[in-house]
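First, one chain by itself: the form predicted on its own, in structure tokens.
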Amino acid sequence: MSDPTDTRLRADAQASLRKIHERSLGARMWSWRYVVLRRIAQVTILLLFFGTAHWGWQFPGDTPLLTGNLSSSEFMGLLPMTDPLAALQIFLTGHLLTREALIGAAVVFIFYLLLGGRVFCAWVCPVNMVTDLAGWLRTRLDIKPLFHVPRNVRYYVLAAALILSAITGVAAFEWVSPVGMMHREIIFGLGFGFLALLAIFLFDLLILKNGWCGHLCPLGGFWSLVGRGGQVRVRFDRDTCTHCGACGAVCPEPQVLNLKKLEERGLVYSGECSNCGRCTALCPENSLNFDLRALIRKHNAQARD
């Protein structure tokens, strides 16, 4: 004889899934809002670089608007920005960092430390557009993974990049970074870097779901470590969650949605969460929402009372 509680829970989960399938066109479009916003952010950043390099965009006065690349740039001649991982690799090669590079690395590090490190991966990194397209096609074509790769491999790749930088005297990951390649291809013209992007696309499409961003990218691993201190988190409301599993099905890092840990902490704690917003937009019960860590603690305390 089945347990009435289990039967009720299954019925609630099925009801939640029906809500998703029965959404109106407007509701379906609304559930894509964060994808649209992320694309706007990614394209806008690339456009600012492109416009400055090719169309001479200037502001204020005769000052170039946004120069450089995602590894090292300057905004309006005032704000230096440096990729902290690139700066760390250069430091390990034995080269001294300039004052501007150190300030730029601190600016970027603090910015993502507050937001949650892997915000970079979902909202800024141009390779995300390539891997998201591969993931979308993979789902539509129902392609199964050829093998399993632990997600913590990216941390070993990160460690290897740092060690190689120290041994060889060359910033190892910067030398082969698909992120840098794609940025240069778009801003400065097509070169052989598109082959690396094609390889990532085919790898994600045909071999391993979320293969590059979710398993191998050392930059993603670096920002995952930083992201643990992020103040913008996804809040979890256990009282409304029906355990339908819709969030895990769309999450590029489904391991961060461990229900046991969510119920204990009341938020997505893992730094591997990229704050992409897919789960919050899709959840039929509105059980997942962006919030500040301090407000989440207050919300959880009130819920317990």
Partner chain sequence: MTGKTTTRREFLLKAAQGTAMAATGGLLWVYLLRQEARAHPYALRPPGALVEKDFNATCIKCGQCVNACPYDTLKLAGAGGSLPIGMPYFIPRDIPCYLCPDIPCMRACPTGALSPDLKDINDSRMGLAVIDLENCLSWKGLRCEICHRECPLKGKAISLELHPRAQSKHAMFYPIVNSDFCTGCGICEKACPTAEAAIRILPHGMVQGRIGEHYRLGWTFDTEISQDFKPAETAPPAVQETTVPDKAPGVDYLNEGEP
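Numbering follows the first chain given and starts at 1. Given the structure is predicted, the values throughout are model-derived calculations rather than measurements.
Note that the form predicted in complex with the partner chain isn't included here; everything after this is about it.
S.K.: Looking at heavy atoms inside 4.5 Å, which stretch does the partner chain contact in the predicted bound form, given the options 179-187, 137-145, 221-229, 122-130?
M.R.: Result of the contact check: 179-187.
S.K.: Does the partner chain, in the predicted bound form, lie within 4.5 angstroms of each residue among Ser73, Thr98 and Ala161, using heavy atoms as the measure?
M.R.: Checked in the predicted bound form: all three residues contact the partner chain.
S.K.: I'd like to know whether Val43 contacts the partner chain in the predicted bound form, with contact meaning heavy atoms within 4.5 angstroms.
M.R.: Close contact is absent here: in the predicted bound form, Val43 is far from the partner chain, nothing within 4.5 Å, heavy atoms only.
S.K.: Please check if Ile90 has a heavy atom lying within 4.5 Å of any heavy atom of the partner chain in the predicted bound form.
M.R.: Yes - in the predicted bound form, heavy atoms of Ile90 and the partner chain come within 4.5 Å of each other.
S.K.: Is Asn152 near the partner chain? Define near as a heavy atom within 4.5 Å, in the predicted bound form.
M.R.: The answer is no: Asn152 has no heavy atom within 4.5 Å of the partner chain.
S.K.: Should Val108 be classed as touching the partner chain in the predicted bound form when contacts are defined as heavy atoms within 4.5 Å?
M.R.: Because no heavy atom of Val108 falls inside 4.5 Å of the partner chain in the predicted bound form, the answer is no.
S.K.: Which of these residues, Thr67, Asn258, Thr63, Ser270, gets a heavy atom within 4.5 Å of the partner chain in the predicted bound form?
M.R.: None of the others qualify; the residue that does is Thr67.
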